[in-house]
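A lone chain, given as structure tokens: the form predicted alone.
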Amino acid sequence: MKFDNKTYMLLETDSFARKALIAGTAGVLLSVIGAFMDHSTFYQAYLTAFTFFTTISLGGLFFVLVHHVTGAHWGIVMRRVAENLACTLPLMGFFMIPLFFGMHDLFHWSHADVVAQDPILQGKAGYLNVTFFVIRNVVYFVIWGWLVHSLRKLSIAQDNGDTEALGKMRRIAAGGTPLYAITVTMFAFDWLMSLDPHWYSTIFGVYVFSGGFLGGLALLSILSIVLRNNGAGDIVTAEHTHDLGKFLFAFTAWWGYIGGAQYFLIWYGNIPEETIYFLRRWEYGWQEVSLFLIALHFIIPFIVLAFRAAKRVPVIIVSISALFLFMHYVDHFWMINPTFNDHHFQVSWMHLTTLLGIGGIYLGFLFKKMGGASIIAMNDPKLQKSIDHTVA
């Protein structure tokens, strides 16, 4: 890949995109074979990969929304990259479709005979039913797709000289942010919390959002280093990497705070139908996964990113960001799989193939998008101010 300083285009992305798509296709084919062998395990692994990548894309969309709402200038050089990341949301909507065929394997509230014998599920049947579930999840992706398409279209129009595009983007972002908050929370409730419909947490949506935004920031941080190493170092500077590092540090603390708050409130209340969630993630081999998550998703990154110098060293930012992405997957694995394997720890080879399948196509699509238009919002009125940005 190579950055063109005249057109602000990222060139020669096709080779990487093609290789990623080939790897993704291989992963999909292997996963399909696995689905015929053990469809229950397949859907558990597929759901883990699906929610992992979807929340990262949602993190990219949130970065764009916040950028427009606040009017901050520092992130303008990374805005188009975040737009490209958000543009993968329609792709994830396509990847959602197979999960509708596996609802009986994932959600026991989808079985009429189970609901008929469970007073709690009967009370939640107005919300937790297959028809409404499918409809509202399609609506989530329609809303996200509309936000992504509108903001992307106006962003390209700004490149072509539309002086009113910036104001339109800010108005869409202002109205879209509350929609984003509601739909992301409901998405988290639907695909993750309703796996165990007897359990609930009022801050679960915030927990899932914070992990997704942290994952999105991690991928954006890696892509910023990619741009710097491929000729865009005069535009995407160490100052921008530093600011992304500060965001990583802040949301490391935020993720830890929300996760800790959720745990301690449930522990202190000591209500059996609430504590069962964490009990399943502490017994029969899951204790090590829980401790691993705390150590590598919070404690170590928090300590490393607390130092100013660490935020300005590309190899540290890339390493920490890669760790965040890995632990973000572990986090989703931890949220999903103990529901089905609460008496033993289990990792299937299909966790790898579904991750490879969705991930390869995801990255191939992302890099095709990154090479399809200028990677920098070249006509943004604050672009030069963003380039000259210096961290205090």
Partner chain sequence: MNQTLGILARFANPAELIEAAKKVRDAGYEKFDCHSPFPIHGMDDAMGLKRSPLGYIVGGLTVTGATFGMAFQYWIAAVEYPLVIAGKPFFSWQAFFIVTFALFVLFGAFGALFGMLGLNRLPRLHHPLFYSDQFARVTDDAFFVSIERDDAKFDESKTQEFLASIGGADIELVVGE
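Residue numbers count along the first chain shown, from 1. Please read these numbers as outputs of a predicted model, since none were measured by experiment.
This next part talks about the form predicted in complex with the partner chain, which is not shown.
Checking Trp74, Phe189, Tyr257, Phe278 for any heavy atom within 4.5 Å of the partner chain in the predicted bound form turns up a single hit: Tyr257.
The listed set Trp199, Phe292, Tyr263, Phe132 contains one residue whose heavy atoms approach the partner chain in the predicted bound form to within 4.5 Å, identified as Tyr263. Mapping the unseen interface onto this chain, Tyr284 falls outside it, with no heavy atom inside 4.5 Å of the partner chain in the predicted bound form. Contact annotation: Arg171 falls outside 4.5 Å of the partner chain in the predicted bound form, judged by heavy atom distances. The partner chain in the predicted bound form is not approached by Asn5, whose heavy atoms all lie more than 4.5 angstroms from it. Residue contact with the partner chain in the predicted bound form: Phe101 places no heavy atom within 4.5 Å of it. Shown alone, this chain has one stretch from 160 to 168, 300 to 308, 210 to 218, 82 to 90 that lies within 4.5 Å of the partner chain in the predicted bound form by heavy atoms: 300 to 308.
The partner is not shown here, but in the predicted bound form the stretch 264 to 285 reaches within 4.5 angstroms of the partner chain through a heavy atom at Phe264, Trp267, Tyr268, Asn270.
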